[in-house]
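Coming up is one lone chain in structure tokens, specifically the form predicted alone.
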Amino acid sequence: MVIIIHNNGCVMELDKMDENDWKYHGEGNKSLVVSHSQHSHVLRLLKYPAGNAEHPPQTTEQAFRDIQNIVDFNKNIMKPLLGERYVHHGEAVKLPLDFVRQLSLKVQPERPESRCDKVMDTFSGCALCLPNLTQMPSCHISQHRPPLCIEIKPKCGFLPFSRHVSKEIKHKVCRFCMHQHFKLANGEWKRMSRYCPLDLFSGNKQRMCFAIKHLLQEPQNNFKIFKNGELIYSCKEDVDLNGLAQHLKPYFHPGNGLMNGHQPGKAAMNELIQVICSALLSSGDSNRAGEPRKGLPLEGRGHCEANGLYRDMLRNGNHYLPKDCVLSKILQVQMLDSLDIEGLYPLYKRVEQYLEEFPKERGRLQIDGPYNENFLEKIQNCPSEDDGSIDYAIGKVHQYRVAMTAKDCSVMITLAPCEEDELLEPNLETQPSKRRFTYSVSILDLDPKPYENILQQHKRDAKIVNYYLRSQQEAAVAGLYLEREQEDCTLMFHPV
């Protein structure tokens, strides 16, 4: 029997699938992604620890339910909250097992060594089929300049405003900047990123451009660039900005030599930053990005004190995000976390205690889904004040889980150069060269965060904050010691 998947106009016949038509695209902690060489779609397959290779941790039915939960969560929860045009929910599919096994062997040599502690699920045949967001519709592709795609993982864009926060530093320094110190100490990264999410979400173009520049300089897991679907820039050991500039020059400065007194590579990089900023501020309903449709004000989101370069910028310019831009949509969902993990944790324990007494209530509380209209209603209609009920507690727990998904999502900006005679909507213009790009903006990585992770998140939050406070104290002591040492070594000359 031939089963056909319809996904954004693409068709696949499952009984004729060939692993040679697919190539390694990338992977995260939970899944591995392959892309089709001809059609604009990808398959996302689950992974599990390599030690379970002989004995998969779940049945085919459980694997399919996990993927269907991702589809339902995207379709019924995140799409209404983030906007129809930004979210692509995909479709759960069952693939021929022989195809999956051959595919696993084919992509294995291309996988990063750091990811090989987990293996691809070759037992269930279950996968998520999605559009390939690094590509544009074929009618928009130039033969000479294929589409560029920029993937940004923006992280949390506000400082916690909850009265439950016990350490004042959390009201002053953002989670991302504190976490950088923790990651550096644990050897996760060799260099510290100067990117701060509060700059990107500020709505101030100068701060946003600085944020994007710092993502380019130190991408870590937060920034990638694809050309024609192929990854050309990411978090490698040696960041090659010169190599990236060579890729960008044909898009922004096709000629050679100096351009307005700048080298073409540097100028192209600056224009890329400007175009990314414009796309992030675009409401999507106009050919000019970032029109002044006021949305979330800067007040209440604040400035991160770990980032001391831009205080003057806070006093100048417009400090708001346009109402319908992608960053505004993401930020609104992130701010469903109104209690912070410190305020949420007692409610989590209330739910845990309730489930110990009434374990059969787990289904009614929708701890594991289903992610349907009833789940969305629990989020949207949760009372603002704690009445001591289990319904209030579970409403806040679900709000927190959704907010955590938005804090860990990715934004995909796909750009295709407009030909001279094309008048496409929407499009962006670069300044001052007036080159135009048709573009699309999407949000992905919107998996539901497991309820069981809340305990771990509470512990991790305390570790990150305590380490940051300790490291700042040690730095202050070291600075004082150095200052005294310099004083002790001062030579005084007196006339004889």
Ligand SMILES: O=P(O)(O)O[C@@H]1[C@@H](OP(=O)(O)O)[C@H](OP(=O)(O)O)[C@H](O)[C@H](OP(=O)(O)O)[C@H]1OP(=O)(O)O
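Values in this document were obtained by computation on a predicted structure and should not be read as measured data. Heads up: residue numbers just count along the shown sequence, starting at 1.
FYI, the form predicted together with this ligand isn't displayed, but the following is about it.
Trainee: Give me the residue from 221, 380, 353, 228 that has a heavy atom within 4.5 Å of this ligand in the model of the complex.
Mentor: Checking each option against this ligand in the model of the complex, the one that comes within 4.5 Å is 221.
Trainee: Within 4.5 Å of this ligand in the model of the complex, heavy atoms considered, which of 75, 249, 183, 205?
Mentor: It is 183.
Trainee: Using a 4.5 Å heavy atom cut-off, indicate which stretch of 387-395, 402-410, 366-374, 240-248 touches this ligand in the model of the complex.
Mentor: It is 402-410 that comes within 4.5 Å of the partner.
Trainee: Report yes if any heavy atom of residue 457 sits within 4.5 Å of a heavy atom of this ligand in the model of the complex; otherwise report no.
Mentor: Yes, residue 457 lies within 4.5 Å of this ligand in the model of the complex.
Trainee: Is residue 106 close enough to this ligand in the model of the complex to count, meaning some heavy atom within 4.5 Å?
Mentor: Output for residue 106 is no: heavy atoms all beyond 4.5 Å of this ligand.
Trainee: Is there a heavy atom of residue 191 lying 4.5 Å or less from a heavy atom of this ligand in the model of the complex?
Mentor: So residue 191 does not count as contacting this ligand.
Trainee: Quick one: does residue 36 come within 4.5 Å of this ligand in the model of the complex, counting heavy atoms only?
Mentor: Looking in the model of the complex, residue contacts with this ligand do not include residue 36, since no heavy atom lies within 4.5 Å.
Trainee: Counting heavy atoms only and using a 4.5 Å cut-off, do 23, 89 and 111 all touch this ligand in the model of the complex?
Mentor: No, none of 23, 89 and 111 comes within 4.5 Å of this ligand in the model of the complex.
Trainee: For the stretch 63-94, I need every residue with any heavy atom inside 4.5 Å of this ligand in the model of the complex, listed N to C.
Mentor: Not one residue comes within 4.5 Å of the partner.
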